[in-house]
Structures are given as structure tokens and as C-alpha cells.
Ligand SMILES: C[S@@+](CC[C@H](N)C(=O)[O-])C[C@H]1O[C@@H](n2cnc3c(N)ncnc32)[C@H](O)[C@@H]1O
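The data below hold one chain only, encoded as C-alpha cells and taken in the form predicted on its own.
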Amino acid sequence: MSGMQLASGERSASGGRSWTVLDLLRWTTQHFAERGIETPRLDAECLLAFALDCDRLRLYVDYEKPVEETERARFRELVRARSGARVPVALLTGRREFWSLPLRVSRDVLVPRPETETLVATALERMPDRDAEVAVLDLGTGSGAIALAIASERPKARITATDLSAAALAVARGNADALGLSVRVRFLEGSLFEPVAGERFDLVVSNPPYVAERDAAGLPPELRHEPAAALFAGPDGTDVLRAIAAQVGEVLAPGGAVLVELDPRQADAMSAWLREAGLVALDVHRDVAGRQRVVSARKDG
């Protein structure tokens, strides 16, 4: 049965009954699995909860509840976009949770990934005093996920978030407003360190573009719906990493640290570039899957 038959073929699919919440979840999970979607059940739950304007827990409380045709029609369009065009769930719902914060996302920003929480956790370890007035720079903030996660955990940190994209900054500012953190984070538009020229920071964090253009053909189809400028960084994916390594020393205060997320295969090269730039205390931090995910270094102070 195709996605178009969620309505027209419902009697044969559900044994002559109206479609219930559980019927839709079972059918959609199988449908997604057959099309190679990695998390078919989770995606089905998220999209159905969105279509019904409820949370995922409510689906199982009301699993025998019949779903009205208007609700099925909305869900059908979401299923089609997910399985056919392979639009990410977060872009279909316009929201994504990161560090337990509800964030709005759009096609103007990368969807925050769980592995980026490794960068946030490592940054917080560098700021053990919750009440310290630390100056933090989030380079290439996108949706604002990293800056806002840090702001939520360190109430006295002075955070600046930059991005080359005005559209991305609009999303980030909207998230800051919704979370009540807009007075805590300063957003600036511009390339890399240009918006903060002459300033100094105790901590610089970044999840920059680091995907190699030569790998584009083999990437998951979902990435086609996210901004290429936030993903790709030259033929081997290291253009922005090299620029950060070469310039970050100019904005770090003495004793300040830099933390950069990257592809695990780039960790050794990034460590070497930071060392060549005069930084010390090089370290590599692994994500929950055990992959080298964040490289850190410190300016001698």
C-alpha cells in the first residue's frame, strides 16, 4: 500500500475499521523501514504526534482512538515528504530538541545533532564555576543551539554568537526569545572572526562546516534539505577548520580555550594545525559512540 492509500485503502488495511493511532503507527513504521529510513518507529511517532498536535506519550494513551480524515490527510502529506522527498522530521515539524531545549529549525539552519552535545558538555567542563563571568564566542551559531545550551547552564557567561547567514541568525534570535535568553546572547552577522575583531574571549566554540565536497554524492538524502554553506568546506572539508586554527589565537584571551567539532577523520590534522598556530594542551574528546568528535586547545597564558 502506498502513502496515497492511507485514506482510500483504509478498510482493507485495518480490517474494516477506521484507522486508529496504532494502525497508523504500525503501517507507517513498516513503510519507512522498507524505504531505508534509519529510525522508522521514532519518525512515525514524531510525525503523527505533530499531525495530531499532541506529544508522543499521548499516542500510546490514545492508541485505540480513531483518527479523523482531516488529521489523516495532514499526516499523509508528512509521510509522503519523509519517505519520498526524504525531508528530515525536524524540518517537517519545524522543531528539534537539543540539550533538553526546544528549538525551532528551518531550511536556513542545520538540524542540531546529538553528537554536538559533546561540544556543549566539553565547554561546560571548561567553565566549572557556574557563576563565573566568562566571555564565550560561538562561531557559526546556526539555530543558536550551542550558544543557548551554554547560556542555559551558565547564567553569568557573556555569550556572543556569530553567523555568516542573516537568515540563520533570525532563527537563532527567535529561539533565544522563545527561551527567555535573548538578553544573555549577542548575535552578530559576519564571516568567522570578522564581527568580533579586536575582542578577546575566554572560550571559543564552533561546529563549523566540515563535510568534504567530494563526499557529497554518498551523503544521506536528508542533507539535501539543509544549507550547503553550513555543511561543505572545500574539496576535503577542511577549509573552515584551517581558517579557525590559523586565526583563533588572535581572539583568545591568555589561558583561553578553543573547542571545535569535526569529522573524526579530521581530528589529527586539526590538532596539528592548532599546534602549529602556537596553541597548547591539545586534546581530543569522543562522542557517545566513541568517535573522535571535538578537538580542544588552549592559548598559553
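Sequential numbering from 1, following the sequence displayed. None of these values were measured; they are calculated from a predicted model.
What comes next is about the form predicted in complex with the ligand, which is not displayed.
Inset, instruction - Report the residue, out of P220, G190, P128, P155, that has at least one non-hydrogen atom within 4.5 angstroms of the ligand in the predicted complex. - result: In short, G190.
Legend entry - Stretch in contact in the predicted complex with the ligand, which is absent here, among 129-137, 86-94, 69-77, 162-170 (heavy atoms within 4.5 Å): Single hit among the candidates: 162-170.
Inset, instruction - Tell me whether T116, A145 and A229, taken together, all sit within 4.5 Å of the ligand in the predicted complex, counting heavy atoms only. - result: Judged in the predicted complex, T116, A145 and A229 all sit within 4.5 Å of the ligand.
Inset, instruction - Flag G174 as yes or no: does it have a non-hydrogen atom within 4.5 angstroms of any non-hydrogen atom of the ligand in the predicted complex? - result: Looking in the predicted complex, residue contacts with the ligand do not include G174, since no heavy atom lies within 4.5 Å.
Legend entry - Touches the ligand in the predicted complex: L110 (any heavy atom, 4.5 Å): Yes.
Legend entry - Interface residues of 195-217 toward the ligand, as seen in the predicted complex [heavy atoms, 4.5 Å]: Those in contact are N207, P208, P209.
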